[in-house]
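Just the one chain here, laid out as structure tokens, in the form predicted alone.
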Amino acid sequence: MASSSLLISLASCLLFLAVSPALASNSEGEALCAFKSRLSDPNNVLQSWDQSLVNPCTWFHITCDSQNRVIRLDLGNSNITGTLGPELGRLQHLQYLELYRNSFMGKIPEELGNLKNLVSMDLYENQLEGEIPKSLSKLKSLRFMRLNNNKLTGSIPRELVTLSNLKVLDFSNNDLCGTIPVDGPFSTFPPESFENNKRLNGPELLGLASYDFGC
């Protein structure tokens, strides 16, 4: 049943793009349609994302600016299952990516590093796996990054210390390893931001141990 639903969703999106030239030229609409095709949505939260609505700015859980550019994707706590795809990186004007408290699986796409206007990334309380992409260090506008309560592994990318606008970070309750950076905004984050990562060894001792010590 789940696979049938995904096929129907994909077919609906393809029909939407075929009958709507306005959206066919809209890469954001295409990206959102591709994202929907990856998802299982038992509560029909995405019911408004269909071919009868010409502009993605009319869809529920999508917010656009005055120029009809998608700036917010709100699907938190929606009982959605699926994966995050590279198409999300095409939402070039996105400022808020709110996908918390669902059942998203798989890796965090490297393409999320293309969201140069992103202010908030909330992916907490899912089932995401793999390493935190180094590409997230390109998100120079980012102020909130909450990836806690997933299944993330590997070391904390040192490139993230360049995110000078980052005010809130939570990597707790994962399976991260190595040491905690101490430079840049990491000097301000409390220990609670990193707790319950059994292989994470505490603040980095510069020059005395490799940052991925214990991985």
Partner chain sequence: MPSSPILFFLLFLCFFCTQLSCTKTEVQALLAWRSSLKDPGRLTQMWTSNNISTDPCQWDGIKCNEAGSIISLSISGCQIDGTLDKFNFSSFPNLTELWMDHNENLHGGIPKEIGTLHNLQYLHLSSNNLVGEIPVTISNLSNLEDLDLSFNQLTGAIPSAILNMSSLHYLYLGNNNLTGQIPKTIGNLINLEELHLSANYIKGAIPREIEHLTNLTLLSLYENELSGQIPLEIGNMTELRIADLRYNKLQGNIPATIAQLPNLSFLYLGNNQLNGTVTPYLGNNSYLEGIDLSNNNFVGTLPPLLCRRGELQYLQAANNSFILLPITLKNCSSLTELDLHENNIRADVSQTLGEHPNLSLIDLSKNRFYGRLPSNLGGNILSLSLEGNEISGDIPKELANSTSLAILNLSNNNFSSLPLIQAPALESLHASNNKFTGEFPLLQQNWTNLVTLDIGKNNFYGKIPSWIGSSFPVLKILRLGSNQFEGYIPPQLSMLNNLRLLDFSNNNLKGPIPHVLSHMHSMVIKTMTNESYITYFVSNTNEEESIDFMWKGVEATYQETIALLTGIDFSCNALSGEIPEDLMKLQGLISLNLSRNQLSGMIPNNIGNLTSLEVLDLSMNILSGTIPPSISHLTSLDTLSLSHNKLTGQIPSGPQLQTFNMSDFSDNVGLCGFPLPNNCLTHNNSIVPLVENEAGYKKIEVIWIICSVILGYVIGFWVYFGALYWKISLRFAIFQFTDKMQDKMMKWCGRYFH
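No experiment lies behind these values; they were computed from the predicted model shown. Residue numbers count along the first chain shown, from 1.
Quick note: we don't show the form predicted together with the partner chain, though the next part is all about it.
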{"item": "In the predicted complex, the one of 152, 169, 39, 62 near the partner chain [non-hydrogen atom within 4.5 angstroms]", "value": "62"}
{"item": "Selected contact from 138, 101, 107, 90, since only one has a non-hydrogen atom within 4.5 angstroms of the partner chain in the predicted complex", "value": "101"}
{"item": "Heavy atom distance at most 4.5 Å to the partner chain in the predicted complex, all of 114, 134 and 159", "value": "no"}
{"item": "In the predicted complex, residue 58 touching the partner chain (heavy atom, 4.5 Å)", "value": "yes"}
{"item": "Exercise: residue 83 in contact with the partner chain in the predicted complex, heavy atom 4.5 Å", "value": "no"}
{"item": "Contact flag, residue 127 vs the partner chain in the predicted complex, heavy atom cut 4.5 Å", "value": "no"}
{"item": "Interface membership of residue 77, the partner chain in the predicted complex, 4.5 Å heavy atom rule", "value": "yes"}
{"item": "Members of 115 to 144 lying within 4.5 angstroms of the partner chain, judged by heavy atom, in the predicted complex", "value": "120, 122, 124, 144"}
